[in-house]
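Single chain ahead, written as C-alpha cells, the form predicted alone.
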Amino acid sequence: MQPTIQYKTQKIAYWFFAACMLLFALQLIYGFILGFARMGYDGLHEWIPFNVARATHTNLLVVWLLTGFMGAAYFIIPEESERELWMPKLAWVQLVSLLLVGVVAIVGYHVNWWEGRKFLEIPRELDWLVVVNVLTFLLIIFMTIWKGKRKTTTAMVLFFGLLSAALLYLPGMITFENLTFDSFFRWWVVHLWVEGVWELIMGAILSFLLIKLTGIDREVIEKWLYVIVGFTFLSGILGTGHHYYFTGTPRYWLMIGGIFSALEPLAFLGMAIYALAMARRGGRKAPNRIALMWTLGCAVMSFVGAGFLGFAHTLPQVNIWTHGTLVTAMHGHLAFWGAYAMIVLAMISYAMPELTGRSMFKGWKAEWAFWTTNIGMLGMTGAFAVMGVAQVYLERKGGMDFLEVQESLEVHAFGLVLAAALLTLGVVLFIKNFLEYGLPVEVDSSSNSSGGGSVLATPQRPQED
C-alpha cells in the first residue's frame, strides 16, 4: 500500500506513539512488581517498596495515555484543519520536555521526593513544568485549528477535551490542611479527568476513526457525537459525588453520587451502540480490520469496565462496603483499558500504515495482540473481582485483620499474575508489530507551502511481503 498522510508534520505523531509504547512497557514492569508482592514475593521491597511501585505504576498509566492522546492530536488536527501543524519544532521541544518531566518524577518517587497525595504524587516543582508543557501543546493545537481551512466538530471536541483536562489539572495543585477539603478538590482532577473530559477526547478520536474506517457521513457521526459525549460528560461531572460519600462532605452527595453514577452506564452504553451502529451504517469494509477491531472493542469494553462495573460498586449501599478494596481495582483496570488504552492503540493501529505505507496489520501478530491483551485484561478483572469480594467479606463483614486478609488473598494473586502475563504477551506482540512498521516516510510538501492541501508521500523502503 502507499502512504496516505497528507501533511508532513503528521510524522511527529509517530514519536509520541513510540514514547507511549515505551512508557506502557515500563508500567507493566511495575505492575508485575505489585502482582508478585500481592502473591507474597516482595523481594524488591528494600529498593522499591509497594507504595513506590504503586505510585509509579499509576502515574505511568496517566503519562503514557496523555502521550498517546497528544500523538493522536498531532495526527488528527492537521488532517481535520487541512494545514500543517503550527510551529512543529515546538512540538519536538514539548515531547522532549514531557519525557524529561516523566523521568525525573519516576526517579523522584524512588528517593521519596513526592507530594504523597494519592494519584497526584508528582512533586510541586514538576507540576509547574507539566503546566508549561501542556500549555505549549494546547497552543500548537489551537493555532493549527485557528489558521486551518476548516473547523470540524471532531477537531473542536478534541481540542476542548484537551483544554478542559489542562484546566482541571490546576485544582490538584491547591493543597489544604483540612483532609476533607483536600480530598474534595483532588477528585476534581482524578475523577473529572477520567470520567469527564477524557471522555471528550475519547469521543473525538472515536469519531475520527469511524469516519476514516467505515466511510460514514461526517454530518451523521458528528451529530451523534454531540449527543453521546454531552450525556457522558454531564453524568460524569455530577458522578463525582460517589467519591464524596464517606469523606466528611454533606449527606446530599449520597443522593447526587448515587443517581448520576447510575446514569453513567447508560452514557457508555450509548457510546457502544453509537460506534457499532455507525460502523454498520458505513457499509464499507475497512481494509485495516485491526484498527476497526480496536475501535469497536474500545466502545464495548468501555461500557463493560467504566459503565457496568463502575455502576456495580459506586451505589452508596454497595460502596459503603467496597470503597478502598480491590473491587475498585477490578473496575479501574478494565475501565482504563477499555475507554482509554484501547482508543490509543486503535489510533496507533490506524496511523502507522498511513505514516509508513506498510500494511503490517495484515499479519498474525496484530490480531493475536488484540485478542491476548483483551483476554488477559478480562482475566485480571476476574481475579481482582474474586480478591475484592473476598476482601469485603473477610475484612469488612468478618472483621479479620487487614494483613491477615491480604495474606489469605495471595493464592488468588497467582491467577492475577497469570492473566497479566497473557496481557503482557499481547502488548509485546503489539510493540513488535509497531517496530516492524519502521520509521515514517519522507513526504514532498512542495505543493503545500501555504499549509493546506494534499501532500504526496513517497515510500523510502520496499513494500512488505
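So that there is no doubt, residue numbering starts at 1 and follows the sequence shown. Being a predicted model, the structure only gives us computed values, none of them experimental.
Unshown form predicted together with a small molecule; subsequent notes refer to it.
Heavy atoms within 4.5 Å of the small molecule in the model of the complex are found in one stretch of 182 to 190, 291 to 299, 127 to 135, 161 to 169, which is 182 to 190. Checking Pro353, Gly310, Gly203, Gly102 for any heavy atom within 4.5 Å of the small molecule in the model of the complex turns up a single hit: Gly310. With the partner omitted from this view, the residue of Gly324, Gly363, Pro123, Gly215 that lies near the small molecule in the model of the complex is Gly324 [heavy atom within 4.5 Å]. When the small molecule is considered in the model of the complex, Ala306 lines it closely, a heavy atom lying within 4.5 Å. Under a 4.5 angstroms non-hydrogen atom cutoff, the small molecule in the model of the complex has His243 among its neighbouring residues.
With a 4.5 Å cutoff on heavy atoms, Leu416 counts as touching the small molecule in the model of the complex. Remark: Leu34 counts among the residues lining the small molecule in the model of the complex, judged by a heavy atom distance of 4.5 Å or less.
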